[in-house]
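Shown next as structure tokens: one chain only, the form predicted alone.
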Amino acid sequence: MKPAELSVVLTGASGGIGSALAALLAEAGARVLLVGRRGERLARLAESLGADARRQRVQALAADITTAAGRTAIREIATVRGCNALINNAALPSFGPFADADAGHIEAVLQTNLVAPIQLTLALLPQLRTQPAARVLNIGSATGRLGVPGFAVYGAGKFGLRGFSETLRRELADTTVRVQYLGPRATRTGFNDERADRFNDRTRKAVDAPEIVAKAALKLLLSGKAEKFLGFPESIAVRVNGLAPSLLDRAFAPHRAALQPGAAAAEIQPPTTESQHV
């Protein structure tokens, strides 16, 4: 596919990765429906992308993807706009020892990060299947294939999203719809709280700019390839973990230590290639 052929529904559009991807798509000539819960932020983003000048090439829709009403609103506008690509990017963060997790928080994270993307894909699939070529791109995480201490709930959602992507890709292999999964490593946005940022510092992991993730997402979208994991050594670690996960268990000792109260960067040994947080 070429960028100018894309009519995209982008969820989580006002976030760090979402806004960078929205800008890249608009600049490339794609038509973009910006979706998120914060209407004012979406409107400002659409205006910054020249929505008026582009004659509705960029449009904002305030909608909650975790509700049936929100997904219906997205489907109706996506159909009018001739949508041929869905990018499931919206997500909630979750970090900390699992024993300290709140039951309501777990429910909210899994609803937003896993259930809602599945439901929205189901809602838009009839429209996507009418197109000569279509895409469903799920923005996940390397934690969707590499279990990292401190990210049990977040990782569970992303593992599920990757499994959904893989299964649906195979199910739709004989159709015009290509299902894809992008697994970024940690990204420099306001997504995580201070605890997660301190954990990242203690485990000395690399952090990418959101523009790097956006460029990778657009490249994957246009290529039609199945999946892509970003970063080194993260991209290698997820492959090793897929083949023999127990081999990496001991490599996460620094991450377990970094979860303890009062842990300092100086107390944590530099991670091996397999133990980088992603």
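As the structure is a prediction and not an experimental result, all values here were calculated from the model. In this text, residue numbers run from 1 along the sequence as written.
Keep in mind that the form predicted together with a small molecule is missing from the display, and what follows is about it.
Across the options 214 to 222, 237 to 245, 24 to 32, 62 to 70, residues that bring heavy atoms within 4.5 Å of the small molecule in the predicted complex belong to 62 to 70. In summary, among the residues 124, 137, 177, 91, the only one with a non-hydrogen atom within 4.5 Å of the small molecule in the predicted complex is 91. Of the heavy atoms in residue 202, none are within 4.5 Å of the small molecule in the predicted complex.
The small molecule is not drawn, but in the predicted complex it has no heavy atom within 4.5 Å of residue 109. Residue contact check for residue 148: none of its heavy atoms lie within 4.5 Å of the small molecule in the predicted complex. Of the heavy atoms in residue 186, some are within 4.5 Å of the small molecule in the predicted complex.
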